[in-house]
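One chain comes next, on its own, written out as structure tokens in the form predicted alone.
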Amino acid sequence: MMAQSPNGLMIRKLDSIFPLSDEEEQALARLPMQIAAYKADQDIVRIGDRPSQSCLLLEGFTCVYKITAEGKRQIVAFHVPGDIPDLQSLHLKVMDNSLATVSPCTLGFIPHEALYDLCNRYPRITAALWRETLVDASIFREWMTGIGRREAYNRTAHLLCEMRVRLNMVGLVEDGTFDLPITQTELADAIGASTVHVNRVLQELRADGLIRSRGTQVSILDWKGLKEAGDFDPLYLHLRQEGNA
């Protein structure tokens, strides 16, 4: 598995959901990429934009969000290193959501023209990217189910399970511990609860012996118990390698 170039995270992520050949990995590794650093809480693209490139998240966390007419924010997705959070802009020319950094981020911008050329030359990579967008849609459906039918305690446990699995896919979990630079306000905007309620839920998860947190570091102390609390089944992540769950 290639992991030396900035493109290596994308290769590892795609390979976790779709088998890639050596030739396809090499083609992905040759994609032109302009690397840029962003501060936390900075918009990358906004609703209504017409981007000519898509971004690969190399370091940090981003979120997809929408704002209501009353100014309330709903976060509809978190993205981790290896993700291409605005891949849909390759075919949907106008952004219908905004994408922002959650933490300081390093992003690699890939011109749409280069992605079109890659897809024309490698149909299986087209299928891999299509599958990536389908997995994003599956995650969105799971989030909608959680917001509509799970209590805040269960929604939070489910999100922590998801983050653990997705970060493990790109090698960012060690002994059940991972970095999660998501504030309680951002978590509240993601699960549809107040910040006060989120704080209470996190205290309950710690008191129940399921997690430990220190700063941005989260440790899963009882993986089985956290999965049960979150009603978490990794089926919706559609992983090729069962060991990731």
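Numbering starts at 1 and follows the sequence shown. Predicted model only: the values in this text are computed from it and were never measured. C-alpha atoms forming the largest set that superposes within 1.5 Å between two forms make up the rigid core.
There is another form of this protein, the form predicted together with a further copy of the same chain, and it is not shown here; the text below is about that form.
Residue in contact with a further copy of the same chain in the predicted bound form (any heavy atom within 4.5 Å), chosen from 68, 34, 203, 52: 68. Though a further copy of the same chain is absent from this view, in the predicted bound form it lies within 4.5 Å of a heavy atom of just one residue from 135, 80, 152, 161, which is 135.
In short, of 189-197, 35-43, 53-61, 212-220 it is 189-197 that has heavy atoms within 4.5 Å of a further copy of the same chain in the predicted bound form. Taking the partner from the other structure, a further copy of the same chain in the predicted bound form has a heavy atom within 4.5 Å of a heavy atom of residue 96. The shortest heavy atom separation between residue 29 and a further copy of the same chain in the predicted bound form exceeds 4.5 Å.
a further copy of the same chain in the predicted bound form comes within 4.5 Å of a heavy atom belonging to residue 131. Residue contact with a further copy of the same chain in the predicted bound form: residue 147 places a heavy atom within 4.5 Å of it. Using a 4.5 angstroms heavy atom cutoff to a further copy of the same chain in the predicted bound form, none of 109, 168 and 172 count as contacting. Taking a 4.5 Å heavy atom cutoff to a further copy of the same chain in the predicted bound form, the contacting residues in 90-127 are 90, 91, 92, 94, 95, 96, 97, 119, 120, 123, 126, 127. The Cα position of residue 232 differs by less than 2 Å between the shown form and the other one after fitting on the rigid core.
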